[in-house]
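In the block that follows, a single chain appears as structure tokens, in the form predicted alone.
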């Protein structure tokens, strides 16, 4: 389907879809959840084959999608008209309120690393809010996203959900089309291009990251190592909030790194770690490691791949100027820097163009909170990593990691429409002709006879 054709279909479907009650739209989403359950095995298999995930990671996407449907079906029921208060003496017989209404046609562009979870995080709240959708998935996860399109169009009226398939040029067409709002998840480069071309149109951007992982000297080393390994190498590190910069206090650094290397070597190919998406991404990871080694970094384990599989890799003797510490790697690489104090870790963590998330590990929760308040990022985890609110609510970062919103995802899918109603019978005092009496000449001058 061409972009313009999809826009037209979505616009034509919008009046009927948006006129349904919230309860009716929830029923459609329940049918989608039932289909996801019925076809869980098939969807899991498609995700495994297309993007290389282990079975447990692929199946988790289906479970997450169902949880998102349940979450947003509850959240949409909480949206209500907001009454505005007026000063009765200044504005008699006046009432006002704000309604929240759908934007219209939502454009959605998502990457390949979570081909079901990420789209669903926007598709479900956008549909429940009464919008229609044009979905442009990554060209690297076409089969998974064809399945999404198939399932949604089994349960929805024609034209409510539309998928367009293609590469970057198609995405650019969608950005410039007559959609009413765009949600985009992807690279910083693409995000900047969108901002240049989208015009006066609301947009949500969730871009790349280079998340810091701060380990205090009182951290539980065993727990922290396990959290780091999953947070850095899950989905082969192809996660926007992957732990890509590790700052560990010098008092525990030696033991921490020793345990980390031991655990990393124990991860199983196929069961724990799957394949990366393509050779382009493999080469990017290899180039970052090569740059680091050429500048003095040491590879303690991993560092090479076979086909699309890349070994979990731990690097030490890393400096903050290396590409491995400044650019998004998007691979299963863990670079470690030893720090003297919390303050040094905070300084290093904030010295980045990215500001998506950060993790802090300490048995002292208040210490973790204090560190978190000083980090210039959108999301903080303390003794945990990469756990989102249900449905990806309040997900996002600062700086080049995107346009962060203080609103829930449901509210991001609605726009305000305000009403002010006057019930009085007399003209307002400030309407023409003005009601203020003209002052006498002698009252318009001060004691010196000068004009006021």
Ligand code: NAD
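Numbering follows the first chain given and starts at 1. The structure presented is a predicted model; accordingly, all values stated were derived computationally and were not measured.
Although it is not shown, the form predicted in complex with the ligand is what the next lines describe.
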Heavy atom of residue 339 within 4.5 Å of the ligand in the predicted complex: no
Any non-hydrogen atom of residue 168 within 4.5 angstroms of the ligand in the predicted complex: yes
4.5 Å heavy atom contact, residue 148 to the ligand in the predicted complex: no
Contact flag, residue 302 vs the ligand in the predicted complex, heavy atom cut 4.5 Å: no
Interface stretch in the predicted complex with the ligand - options 223-231, 205-213, 85-93, 122-130, non-hydrogen atom within 4.5 Å: 205-213
In the predicted complex, the residue from 317, 326, 287, 187 that sits within 4.5 Å of the ligand by heavy atoms: 187
Heavy atom within 4.5 Å of the ligand in the predicted complex - the one residue of 139, 263, 218, 291 that qualifies: 139
Residues within 4.5 Å of the ligand in the predicted complex, restricted to 374-396 and counted by heavy atom: 395
